[in-house]
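Quick setup: one chain, the form predicted on its own, written in structure tokens, and binding and motion questions come after.
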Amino acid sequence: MTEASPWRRLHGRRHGKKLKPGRRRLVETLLPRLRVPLDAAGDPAALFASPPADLWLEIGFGGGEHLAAQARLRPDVGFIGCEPFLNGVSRLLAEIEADSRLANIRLFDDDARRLLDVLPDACLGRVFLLFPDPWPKARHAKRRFINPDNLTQLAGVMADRAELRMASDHMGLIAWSLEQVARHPDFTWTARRPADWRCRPADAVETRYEAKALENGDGCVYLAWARNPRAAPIDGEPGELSA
């Protein structure tokens, strides 16, 4: 998608309450050091001090609690978090500053699609989309992140058999997402039994939005899809895919 192309808005506010001085300082000083420049995203491994064993992306990380927990669990993985809401970004920045174990996180504080446009093919081993805005009104459904165009973008930057994880407490969004991904040829739902979508993955952590939903008695659904392997090249010629 070019700069001249119209953008459908997929996220809500960019700013909330006025940031406290300490958080403003982090946005002014730490964020520029961790921000992923679009002109450097073509080589994402180079963003980290040492080449990571894998690269994982979280789209819309909210306050960053899940992203930080995953980064602690997998110090060998490089993490990129996308979040346009500045207050959430500043919260994660404070956690990164306080914990040296989070040196494997880089941030993109804008629309994730701009980053997907420039990432190299098959570079991501896992993508998280946890409790995204459900855009519950029918006229806003087209703003949901799970849609044919975005799925094609994701498929391009995800490695073969890479995992796309999604969670939500909004059953309308869950039904929409299952339908959208089922129609896409590059993904397969990995669930084999009810516990696979009823229970949070063992290596995941509870997000603030999930905790609020559970406290209110709302059920949460946890979905995972695998990126289907790409077709093999014909006669060993790279770039030519079989029909």
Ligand SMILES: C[S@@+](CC[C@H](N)C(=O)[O-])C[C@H]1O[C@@H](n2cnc3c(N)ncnc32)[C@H](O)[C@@H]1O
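A quick note: this is a predicted structure, and the numbers were derived from the prediction, not measured. Don't overthink the numbering: it's just position in the shown sequence, from 1.
If you look for the form predicted in complex with the named molecule, you will not find it shown, but the lines that follow are about it.
Every residue of the trio 61, 84 and 112 has some heavy atom no more than 4.5 Å from the named molecule in the predicted bound form. Within this chain, residue 177 is remote from the site of the named molecule in the predicted bound form, having no heavy atom within 4.5 Å.
Proximity of residue 208 to the named molecule in the predicted bound form falls within the 4.5 Å heavy atom cutoff. Looking at residue 133, you'd find a heavy atom of it within 4.5 angstroms of the named molecule in the predicted bound form. Heavy atoms within 4.5 Å of the named molecule in the predicted bound form are found in exactly one of 123-131, 157-165, 69-77, 95-103, that being 123-131.
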